[in-house]
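The chain that follows stands alone, in the form predicted on its own, written as structure tokens.
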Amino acid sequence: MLTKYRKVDPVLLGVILALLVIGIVMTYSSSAVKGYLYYDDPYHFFKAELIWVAMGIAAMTIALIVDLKLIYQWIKPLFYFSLLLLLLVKIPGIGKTVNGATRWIGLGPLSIQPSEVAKIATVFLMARFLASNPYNISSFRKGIVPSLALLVLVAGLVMFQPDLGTTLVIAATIFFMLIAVGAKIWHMAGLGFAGVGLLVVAIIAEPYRMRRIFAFLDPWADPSGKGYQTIQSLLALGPGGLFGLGLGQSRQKFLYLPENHTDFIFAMIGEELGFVGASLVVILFFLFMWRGYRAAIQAPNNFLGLLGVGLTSLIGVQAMINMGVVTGVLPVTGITLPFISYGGTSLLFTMACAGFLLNISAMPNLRR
């Protein structure tokens, strides 16, 4: 329950709501053409987005007011449940395949992405483990190895879908949590080199990932194939200039840029609102990370502090990867832009993460 001495961080809340409003506006602007052509309704995706936003706000509110001490007791069951969902997604008849990846479980007209549940569950479990064994982190065997085992377990199941983008987000988040708890520099350096090596192996093992790397290095070598999304994304960003073509005036949304209301919505922002609009989004995400990490530093205990670091990193890292993909700085990975991309499980659980962060920010700083 909220009490008089608890006050939600107004800056963090304002940033979350600002990103959410931008997402609602840009979802309609970028999806109206597709909705009209495919469903004879330009508001098709917009109306669905409003439903997901309403569900997301409800999830954020619940996460804000819930007693995190109660959730602490349910962390392990929640984690085991997320593993079960990751296993179920590969069972024929249960898992739903889209664009060659089986990442969803169909529930009538809705779909749930188990990796979104697994991300949050992993952060909660890692925060609990690290907070309950703070002195073991200096030991590679007692602190780092169990953390790696958890990462390998979750990452292995997520990669089996396959979903390299989400795997990178989870790995980076655990990396930041280990740094926050005080892991030794040479341990982290070794993990970093090992992680890069495993990433290279994962890329080489799958021909389609190799094609994506080649397309990233030279998208014009395959302009109608693997390089198509990157090229069209850059063709959206370029004409946007400083102030953009104007809200609703995108050219790329006329079915030139695939996933323009989901994975590549940042390109639509750059095209319609220009460098100024795109920069505003980047600034808002940096503000989110600043206030999120600030809430973590001021949290009343180690568990909540590490949880704050993990939740902030989950959203921040995913945002940076998405914007890096859209601008051609990173290869295409297929992950959404938090708060802004069109609805679904991603928005729902992102809002839940935001609620937990607000919950932590509202707690009195007992460390002073």
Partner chain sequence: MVQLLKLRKRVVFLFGICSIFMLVLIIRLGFIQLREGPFLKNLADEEHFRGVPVAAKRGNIVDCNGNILAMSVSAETVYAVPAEVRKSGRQEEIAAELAAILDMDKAKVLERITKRTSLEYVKKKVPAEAAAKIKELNLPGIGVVEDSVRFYPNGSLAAHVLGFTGIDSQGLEGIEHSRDKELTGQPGSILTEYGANGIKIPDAEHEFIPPIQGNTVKLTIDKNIQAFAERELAKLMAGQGTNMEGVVPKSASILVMEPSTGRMLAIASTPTFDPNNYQASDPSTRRNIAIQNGYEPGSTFKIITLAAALEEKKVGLNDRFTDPGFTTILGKRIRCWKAGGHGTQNTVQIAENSCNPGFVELGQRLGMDNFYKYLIGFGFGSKTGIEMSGEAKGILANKKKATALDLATMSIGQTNNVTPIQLITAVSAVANGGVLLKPQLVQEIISPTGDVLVPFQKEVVRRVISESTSKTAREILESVVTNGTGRRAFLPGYRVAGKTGTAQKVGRGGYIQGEYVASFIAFAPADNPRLTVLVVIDGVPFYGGVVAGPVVQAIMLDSLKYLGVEPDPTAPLAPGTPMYGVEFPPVKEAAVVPSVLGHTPQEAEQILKKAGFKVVMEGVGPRVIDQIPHGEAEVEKGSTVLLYLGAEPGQAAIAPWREVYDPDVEAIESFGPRIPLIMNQELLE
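This is a predicted model, so every value here is computed, not measured. Residue numbers count along the first chain shown, from 1.
From this point on, the text means the form predicted in complex with its partner chain, which you will not see here.
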{"item": "One residue of L191, A180, L168, L151 in contact with its partner chain, assessed in the model of the complex (non-hydrogen atom, 4.5 angstroms)", "value": "A180"}
{"item": "Heavy atom within 4.5 Å of its partner chain in the model of the complex - the one residue of I265, A296, A155, V123 that qualifies", "value": "A296"}
{"item": "Proximity to its partner chain in the model of the complex (heavy atom, within 4.5 Å), stretch among 79 to 87, 284 to 292, 112 to 120, 159 to 167", "value": "284 to 292"}
{"item": "Contact flag, G238 vs its partner chain in the model of the complex, heavy atom cut 4.5 Å", "value": "yes"}
{"item": "Its partner chain contact at F176 in the model of the complex, heavy atom, 4.5 Å", "value": "yes"}
{"item": "Proximity of Q229 to its partner chain in the model of the complex, heavy atoms at 4.5 Å", "value": "no"}
{"item": "In the model of the complex, A63 touching its partner chain (heavy atom, 4.5 Å)", "value": "no"}
{"item": "Sequence-ordered list of residues in 241 to 265 near its partner chain in the model of the complex, where near means a heavy atom within 4.5 Å", "value": "G241, L242, R251, Q252, F254, L255, Y256"}
